[in-house]
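Just one chain is shown here, as structure tokens, and it is the form predicted alone.
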């Protein structure tokens, strides 16, 4: 395993274990940005103090990641504990932290069947046991989404709009290949399936520039019934004209579960729908921590996922669900850093993937968006590498506001990074 000088445990960087190896002073996020990609992390704000930039944990976050996600501070029960009472303090602290360090923010999540405030559902989101009418629930959903997305307009760049809406049992697709089944929730029971459509519409109206995602677990490998149901739902939303930009694959996995071919085949088919496909909550538990090669196997599967995503233009983001192994909801040491904030082989695996890609960009693709505008036409048409229109007659000075990725501008390939 290679060793690098990494920005991890001190204000600058720590030395690699082997002093004879040449120094690599680039952080993980540097290579991701040079690749036109983003690498993110979910932060438990109550355990990692985002107001103290000097702590080792916070330094590891802002030096190595360029996307930040709140684990819980942007869920309904945190933001609106009582009807009409919005509490943005912790969410604002996280966004302020991200902006200080040039990171973008993913909002998680606007509509879910868990961690719902007690005034909406006394069991956390499963039942409509306050007997709200359809119209009342739609108004509650609209008010919450509109208030939250408006509050963070221009600061939170993408949202998990609807999270985990599918039932685990999707045997329905065996007899109807285009079907899907939704799980019981206060939203589905009280409103009907169109709570999903409405949530996306409300979010888009509040911030038309934010990217909007469907998000779920157990939908990573092609061939499973739930994976197909997820694809069916995303396709239905898109064909219905709902403003959905992409799908999130959570990827809460255990070493040994990943099938690289099935994962690859699933990811790439979303391009044909014109949807972004990202990994939103990756962690990789080790089933036997005592095995001699346990951490190497974990690293190999992290590497496999990154290698799939990095080759597709419609897969710009990879987010890790947590910072270190003693601050995670899962057993099996699933993250990139151990409890002592030491980088594990999994970290180096991701580092090497992004570094290799950044250093071997195809000829003709620029690695930064720092070109001078010059005397070129003031408006441009922007396309992705598959020829799909991204923007028509965009003011040239705004092209650097595009999300990080590869584009065709002036009939040339260009990588936008932030």
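Numbering follows the first chain given and starts at 1. Every value quoted in this text rests on a predicted model; they were computed, and no experiment measured them.
Missing here is the form predicted together with a small molecule; even so, the following discussion is about that form.
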Note: the small molecule not shown here; in the model of the complex, the stretch from 266-274, 246-254, 179-187, 228-236 having heavy atoms within 4.5 Å of it is 246-254
Of 301, 333, 220, 71, which one comes within 4.5 Å of the small molecule in the model of the complex, counting heavy atoms only? 71
Partner-contacting position among 157, 114, 344, 262 - heavy atom within 4.5 Å of the small molecule in the model of the complex: 114
Taking 4.5 angstroms as the cut-off for heavy atoms, does residue 325 touch the small molecule in the model of the complex? no
Under a 4.5 Å heavy atom criterion, is residue 329 part of the interface with the small molecule in the model of the complex? yes
In the model of the complex, residue 202 touching the small molecule (heavy atom, 4.5 Å): no
So, residue 211 and the small molecule: in the model of the complex, are they within 4.5 Å at any heavy atom pair? no
